[in-house]
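Just the one chain here, the form predicted on its own, laid out as structure tokens.
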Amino acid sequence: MDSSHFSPVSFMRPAVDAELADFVRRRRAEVLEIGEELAPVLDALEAMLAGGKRIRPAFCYWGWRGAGGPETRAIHVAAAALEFLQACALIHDDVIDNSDTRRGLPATHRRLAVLHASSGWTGDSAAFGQGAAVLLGDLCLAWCDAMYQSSGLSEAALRAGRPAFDLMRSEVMAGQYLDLVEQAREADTVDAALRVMTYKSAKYTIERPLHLGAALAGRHDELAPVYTAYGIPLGIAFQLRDDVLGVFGDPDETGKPAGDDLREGKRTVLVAETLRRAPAAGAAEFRRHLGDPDLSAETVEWMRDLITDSGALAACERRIDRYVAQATDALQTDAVADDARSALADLIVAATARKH
């Protein structure tokens, strides 16, 4: 714990990876008894699970440790279950956004569309891929619950954690719907973007995993306010950083093409700030291009320049700094165990780094 190279996320990753691999291996045998045709679907799931930063399991684990929970395999399993919820959300999100890639690989629905086409089956390959991906996402949601329930924690602990576990799953689905609504009605306000961000990302990524960890350790009521004061601003800062990277990030780092968020027409705070700050003619042109899946590299570059020149990028960076300061202040408490408080401080840096 005292190593200068200690990473609270990397610390969890080997355990999370091992538990996910073990769970999928056991479930694969059960599923293949239904039919060998399901093997490519499970391969697609394993490809999805191989990536990711394991942020949500890390916050769940450190929420547990912050509440005085001991080091035990059972909390690793319960925390790892959140990766199935993340896989469900990402698979469905890519279908909704019609994304081509995820984590540097073909998106799940694209991969399964290729399976259809290469097999010479009848019907539309794209529609098959989308349908199969939706079903795989549903399977991930079911396995999230199954892995949590079979974690090895006591029945009392699992019951105590269930409200936070269930609320987290409801909120991320509600946040996803709000995101769809705001895109459909072309909402361009910062407030609208922040509401989506709060439910689709901040609560689901940080606040609720922390609440879950505290609840499993029997200290939810005491620590929930502390974890909320820390988790919501950090979760918003995390998503703001992700939105900046979605426009300006290196594709080798992000795993998605440059400017992909602009092609998908995401109504982010970065976009809202641009439309609010840019000259009227520039804002109108920006709005006309936003959401065009065929945006050229030159148009993406023009949109990036407008984001920067309008002051929108700098405004988002200032917001990130303010939210980081709020999260840091929330940790100034003795209610959270010392080693976890140090890890949570490190997670602020990990979650908002300019490259992640």
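Quick caveat, the model's predicted, so the values are computed rather than measured. Residue numbers run from 1 along the displayed sequence.
This next part talks about the form predicted together with another copy of the chain, which is not shown.
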{"item": "All of Ala283, Val324 and Thr328 with a heavy atom within 4.5 Å of another copy of the chain in the model of the complex", "value": "no"}
{"item": "Answer range among 225-233, 157-165, 254-262, 270-278 for contact with another copy of the chain, defined in the model of the complex as heavy atoms within 4.5 Å", "value": "157-165"}
{"item": "is_contact(Asp188, another copy of the chain) in the model of the complex, heavy atom dist at most 4.5 Å", "value": "no"}
{"item": "Touches another copy of the chain in the model of the complex: Val41 (any heavy atom, 4.5 Å)", "value": "yes"}
{"item": "Non-hydrogen atom contact Gly131 with another copy of the chain in the model of the complex at 4.5 angstroms", "value": "yes"}
{"item": "Partner proximity in the model of the complex: Ser99 to another copy of the chain, non-hydrogen atom cutoff 4.5 Å", "value": "no"}
{"item": "In the model of the complex, the one of Arg219, Arg103, Arg111, Arg169 near another copy of the chain [non-hydrogen atom within 4.5 angstroms]", "value": "Arg169"}
{"item": "Residue among Glu317, Glu301, Asp309, Glu33 with a heavy atom within 4.5 Å of another copy of the chain in the model of the complex", "value": "Glu33"}
{"item": "Contacts with another copy of the chain in the model of the complex, stretch 120-157 (heavy atom within 4.5 Å)", "value": "Trp121, Thr122, Phe128, Gly131, Ala132, Val134, Leu135, Asp138, Leu139, Leu141, Ala142, Trp143, Asp145, Ala146, Gln149, Glu155"}
